[in-house]
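Heads up, the chain below is alone and in the form predicted on its own; it's given as structure tokens.
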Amino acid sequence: MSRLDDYEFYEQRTAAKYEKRDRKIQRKPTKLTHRQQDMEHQIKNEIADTQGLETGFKPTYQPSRYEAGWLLSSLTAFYDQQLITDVLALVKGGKEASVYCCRAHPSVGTELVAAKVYRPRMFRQLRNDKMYQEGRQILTDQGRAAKETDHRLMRAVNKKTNYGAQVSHQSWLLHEFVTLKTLFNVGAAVPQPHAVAENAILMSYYGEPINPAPLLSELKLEAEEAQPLFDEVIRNIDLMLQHEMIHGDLSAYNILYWEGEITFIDFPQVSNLHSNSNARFILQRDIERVCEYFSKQGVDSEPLDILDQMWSKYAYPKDPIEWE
């Protein structure tokens, strides 16, 4: 039996719950707590937000019943801005986000683009990213750092209210977009970001509609290309450090390979080199993971030597934190 779509699962689970309740109508109903009422209200609102859209955007890709509303609500802004004309295929489905291959509008200057669409909050399984968030500023919808004097916003974020959760999600999304924009502009091997919406990022697509670029982890490299690709990975780690960034989740599972070149992807956990006290640990893990993959491709390396060289070059001169 195929796996149920999350929305369909929710619908069936909810229907079963109320069917069971209806069989026990003689029983006195349980009064919901304020927290339960708040959660129920949030779920109803988020599902309602993905339904009943009136739009001329009718993609070729045929999503499941509930995915359709969620997908349209996330991508219609790009359609209205004449950035995309169609959604062709689901490239990758994940717990946090899904990636779709879209046909770009001629004004974009490329045939295909990728849309990274984040899942509705009640179905999203976010990682515990507290370690990576340390030192990050809250970004507003303009991509600028929120003022510390905005006590209402900061209080909402700290108390994790619905408004605070919305602000945190927006900031998290914008950090990835701003990171891509910065790195692309300095020549890093990352997708070109084209636009950002409330729940999605539009960027370069690698591959063909039915043949997306594979992950590096899926490949056995030819001996003659393994060393140059390893050098390119190290160059990009170094380039990120020059701009005080650490990927935070780098491995062969977050590097694309297409036509002999690599591309770093997935930056929601990008960490700041100087304001995050876990920076050295995060950087070491990134370096060790890529070195482990390339060692299996015949490339000799010393991850701790690479770490020490980079750390002494970029962290110490500006580092305001006392490192152990």
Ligand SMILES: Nc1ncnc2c1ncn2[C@@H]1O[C@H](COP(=O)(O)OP(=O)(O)OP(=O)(O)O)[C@@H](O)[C@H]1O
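All of these numbers come straight from a predicted model, not from anything done at the bench. Residue indices: 1-based, along the sequence shown.
The following text describes the form predicted in complex with the ligand, which does not appear among the structures shown.
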note = Which of 102-110, 88-96, 74-82, 225-233 lies within 4.5 Å of the ligand in the model of the complex, heavy atoms considered? The stretch 88-96
request  = Would you kindly say which of Val270, Ile265, Ile287, Leu273 lies with a heavy atom within 4.5 Å of the ligand in the model of the complex?
outcome  = Ile265
task = Could you spot which one of Leu216, Leu183, Met203, Ala200 gets a heavy atom to within 4.5 Å of the ligand in the model of the complex?
result = Met203
query = Taking heavy atoms only, is Ala68 within 4.5 angstroms of the ligand in the model of the complex?
reply = no
ask   = Might Ile237 be said to contact the ligand in the model of the complex, defining contact as any heavy atom within 4.5 Å?
value = no
ask   = Do Val196 and the ligand come within 4.5 Å of each other in the model of the complex, heavy atoms counted?
value = no
task = Indicate whether Leu173 is a 4.5 Å heavy atom neighbour of the ligand in the model of the complex.
result = no
